[in-house]
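Quick heads-up: it's one chain on its own, the form predicted on its own, in structure tokens.
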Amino acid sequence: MEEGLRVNTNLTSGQTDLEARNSTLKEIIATGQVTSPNGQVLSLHSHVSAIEANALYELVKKRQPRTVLEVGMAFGVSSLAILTALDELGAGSLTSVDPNQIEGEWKGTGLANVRRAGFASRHTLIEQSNFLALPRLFESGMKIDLAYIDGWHTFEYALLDFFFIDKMLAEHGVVGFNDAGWPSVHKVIKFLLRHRKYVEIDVGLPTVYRARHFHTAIARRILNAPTQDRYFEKLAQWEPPFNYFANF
């Protein structure tokens, strides 16, 4: 593993560096609420934690990617983390794939938060399912330096996310997984480590095995399936031979 990034938090206020630099995100996290474009106040849910968002922000600043792709946008917490860092760097763009951003559950709120924060010029939304959007991005010749997977969490959808991201990700690029302790996502991570050339990197997040039930937390510890975001660096452009298989 590479040396861990520093997850900066103001010890007196509990405020992360990211929140200090993005007033929109600071308000969202402080209130636990978001406001849709039509003025409806919604409870914040299905978002990355403040500490995970800050780790993503710090990673983007360190890696300085030119092109970032995220699958799953929701209310835009991860999007704001990425875009805040890109804006500070003065370069780079983010593409978000989310089929339910405007017409579905999120009511366009994530996109509105990106615009409210002043990052619209660095952001592109593709409101399509991953199985439509990702092959088209690959076919267009898109190359990415960093990707964040937080879409539909069933195994086949998460694997499809990774499969196409791997084809577009540059050598020494990084892919991150939210909800890494979910059995479906953990299985994709095991596939990544057995069937591709990746190494896990330390982004400064504590290793946790939290779960609603004690026995689930114990099982996650035994299986080494921590629940915090996990990130992996691509060591080489490599695919196994046609007849290769390793249990994962």
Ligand SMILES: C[S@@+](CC[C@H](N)C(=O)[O-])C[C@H]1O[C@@H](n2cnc3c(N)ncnc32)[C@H](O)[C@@H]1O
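All residue numbers refer to positions in the sequence shown, first residue = 1. Just so it is clear, the model here is predicted, and its values are computed rather than measured.
There is another form of this protein, the form predicted together with this ligand, and it is not shown here; the text below is about that form.
- Checking 164 to 172, 115 to 123, 85 to 93, 146 to 154 against this ligand in the predicted complex, the stretch whose residues place heavy atoms within 4.5 Å of it is 146 to 154.
- This ligand is not drawn, but in the predicted complex it has no heavy atom within 4.5 Å of residue 177.
- The closest non-hydrogen atom of residue 47 lies within 4.5 Å of this ligand in the predicted complex.
- In the predicted complex, this ligand stays beyond 4.5 Å of every heavy atom belonging to residue 108.
- Although the partner is absent from this view, residue 135 stays clear of this ligand in the predicted complex, with no non-hydrogen atom inside 4.5 angstroms.
- Taking this ligand as it sits in the predicted complex, the stretch 74 to 111 comes within 4.5 angstroms of it through a non-hydrogen atom at 74, 75, 76, 77, 78, 97, 98, 99, 100, 106.
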